[in-house]
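Next up: just one chain, as structure tokens, the form predicted alone.
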């Protein structure tokens, strides 16, 4: 049955700022405390969505979360009205306030893991919101993520929205940023690669664990998602991140590999035991599809050093299949300014020996300074035509939606924001007004707690 991949991009929220909350994310750490521009960030994200739609690719929007999260501050013991809570948190727990005001929900590659109906045992599309329990500012996201997904994918005969994997030590789940699906075409059965950083069953050996930064994705969580999505064992492969990559700033595996249909672009230091893993992926893919080839493009460190891969976010590009055939890489503009990466991409396209025929460079600097590139900003969902028709029309990106959302951003978003501004009660009020209007524009109804009071 014919199917398409639709990208749901996270719309940047009004509290976009650089609080440096993410240990292991070198860009986030490097820009801590600098001034952000929420309006520019949102407009850059919308420009990316419009660009994808103009390429003829299905594109949609996921709304941001309400921030600052007053409910979380109340749970930490702050009381009084909203303004009093913000003032007290700024005075007594500024780091907590920064966590509760983070706009990190924009990176919806971490929002959930998705399996299409053709892969699942019950013939439905499965979503599991990630628990994101490795970082406080992200661990408060799953309830709102679940509400948004249920509002968009609301037909239970077609879609299943699971609860997150239970949080706890050794159960961290970071969503689709550690998941890749391979198939000859989106509508064919897929081989699903789940990537983890640590496994509680394995005793640490010398050199087997990162030393500088902690890993975030657990094998237990990846296995739980695969079981919950009713995936056959023959269509699932588990792989462990290379500790050296994690220590270099590869906090999610989509910073060091990207796949699409039958193509896998991967750095040679992405995985532990990479040679055997790639053999296994090729073997499984061929067995699943009668000898079809999985095209693996392994990038050597001599071509693109790991530091350059992290700095440029080459592998956090989106790899997409174009309507007319062939594939395109949607890369951040930093890939064009990095000499090693630019040279690699120019040679890749010039060779003509791979399905990747085009590279498009987009300006996403506001997101990149927090460590989020093109792939971080999108959640990939493979849908059959009948399933696609069930999605609210308001979330689909087109010329009209783009114009309406640009005007919405220009009305509601500030041009500059620094961490000290997060204690401003007016910012909270501005955000709530913006989100209330947004749900009407997108046709989602009341999905935020403040709308239900």
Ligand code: SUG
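Numbering follows the first chain given and starts at 1. Bear in mind that the values here come from a model prediction, so they are computed numbers and not experimental data.
Although not depicted, the form predicted in complex with this ligand is the subject of the following passage.
Contact with this ligand in the model of the complex, defined as a heavy atom within 4.5 Å, holds for exactly one of 69, 59, 401, 28, namely 28.
The single contact residue among 255, 130, 335, 218, judged by any heavy atom lying within 4.5 Å of this ligand in the model of the complex, is 255. Though the partner is left out of this view, residue 380 does not reach within 4.5 Å of this ligand in the model of the complex, counting heavy atoms only. The closest non-hydrogen atom of residue 21 lies within 4.5 Å of this ligand in the model of the complex.
At a distance threshold of 4.5 angstroms between non-hydrogen atoms, residue 315 is out of contact with this ligand in the model of the complex. The closest non-hydrogen atom of residue 241 lies beyond 4.5 Å of this ligand in the model of the complex.
Checking 371 to 379, 358 to 366, 321 to 329, 277 to 285 against this ligand in the model of the complex, the stretch whose residues place heavy atoms within 4.5 Å of it is 371 to 379. Residues from 107 to 146 that approach this ligand in the model of the complex with a non-hydrogen atom closer than or equal to 4.5 Å are 107, 109, 110, 137, 138, in the order they occur in the chain.
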